[in-house]
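Below, in structure tokens: the form predicted on its own, a single chain.
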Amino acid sequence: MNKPRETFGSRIGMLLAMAGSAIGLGNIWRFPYTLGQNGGAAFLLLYVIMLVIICLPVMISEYLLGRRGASNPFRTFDNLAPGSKWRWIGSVAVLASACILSFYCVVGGWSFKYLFEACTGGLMSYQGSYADFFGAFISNPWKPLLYTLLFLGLTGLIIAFGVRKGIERMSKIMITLLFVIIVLVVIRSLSLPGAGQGVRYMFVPDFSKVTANTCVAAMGQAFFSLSIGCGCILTYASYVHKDENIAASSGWIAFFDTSFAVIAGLAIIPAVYAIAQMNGVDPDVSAGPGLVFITLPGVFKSMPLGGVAALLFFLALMLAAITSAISLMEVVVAYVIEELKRSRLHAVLICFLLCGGVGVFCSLSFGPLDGFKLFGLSVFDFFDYITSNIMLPVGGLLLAVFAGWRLKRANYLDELTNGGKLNIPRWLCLTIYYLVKFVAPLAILLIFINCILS
């Protein structure tokens, strides 16, 4: 247990691992339908503004704290503020990651199932309603459990190999493959007659559709997509070399994440518009979570070479899900290794049993446990709600408050500039610091209050 702490082996490996943490179901599954529900291009513009002004400074701060603390989220705050109660911020992060992974692995299992059906031809040969196809699968008492545990097991297998041989190596492979695949799907989507309407929906804003809820949704999506507040960035940053440019790395990660979200939107929304035009119906890009699992299979089935497009898309979806699941599991594994003094393999097994056990109940909430409610919500929806609407905003708020008010300004600027070795303009460093100190906490607090009251 006294081995030197692992670090990433290369800058590109670190960037791809951190980008993989951000690029996940939040981009392919959640972003397109959230954009569709909130007016398209106007939402996208607000999303970028919120990301640059609020989310990126908070992300930089989480990165900064993680590298400076050089430990799991719980120990990081104890290292930075010895003897204080701030260490409980790390507890919130570890708990949030465990809760997110518990229901996230269920959706990851769905992507696994759809990839299997796309490979075997079962998805495209299905003759009934895809709503019935999806409903029959998730309500089955054992099939979703199998795919959920397979997905979680694959994630754990990668984690068991460690930071360099597991996380970094697989991130390089999966993120590269993911990008190539999704670009191929975009090319096929944009080649369909009528796809231009979907492109216009994404990039020509209609500001009459902007409301206060649109702003809240944009902020919430940015936090969810960048994995802010759940300890993923904090944990990965603890494996980063001390000479890394935090601001530049954070900027690249945010750029990769946003670009991929837009690319994922281009893979889905133009295709939905094109097929709707072919069939003489109105396009439904606001179908909610069912957009990927119910609407898209019908879209792929209606297009030439749809079977190939479906296979590529659901392969991309599963790869994206795994890269994010890896970062979530590593938060819990790092905590178990360093606080409970377990080996990495034992820590992975503990996380698998803990999150897999809760994941079983989340999965069964669509079938045999459909009538069981927690505060009026199914088990799956309960974990989704408390993480997205409570834990992530609270975690992000506490991070911003700690970085802006507990950590000394001199230490913050020293970490940003690597002790003055980096030639970063002082005005830029101060802008980031004051955005975190004053603007971010207020914005996050407003979002949190809106989520609680809505």
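Note that the structure is predicted; figures quoted are calculated from it, not measured. Numbering starts at 1 and follows the sequence shown.
The form predicted together with a small molecule is left out here; the points below concern that form.
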Does S327 reach the small molecule in the model of the complex, with heavy atoms at most 4.5 Å apart?
yes
Might I444 be said to contact the small molecule in the model of the complex, defining contact as any heavy atom within 4.5 Å?
no
Touches the small molecule in the model of the complex: L392 (any heavy atom, 4.5 Å):
yes
Does any part of S189 reach within 4.5 Å of the small molecule in the model of the complex? Heavy atoms only, please.
no
Looking at 421-429, 396-404, 23-31, 50-58, which stretch has residues with any non-hydrogen atom within 4.5 Å of the small molecule in the model of the complex?
23-31
Find the only residue in F77, F383, W110, Y104 having a heavy atom within 4.5 Å of the small molecule in the model of the complex.
Y104
Between the options F179, Y239, F224, Y201, which residue brings a heavy atom to within 4.5 Å of the small molecule in the model of the complex?
F224
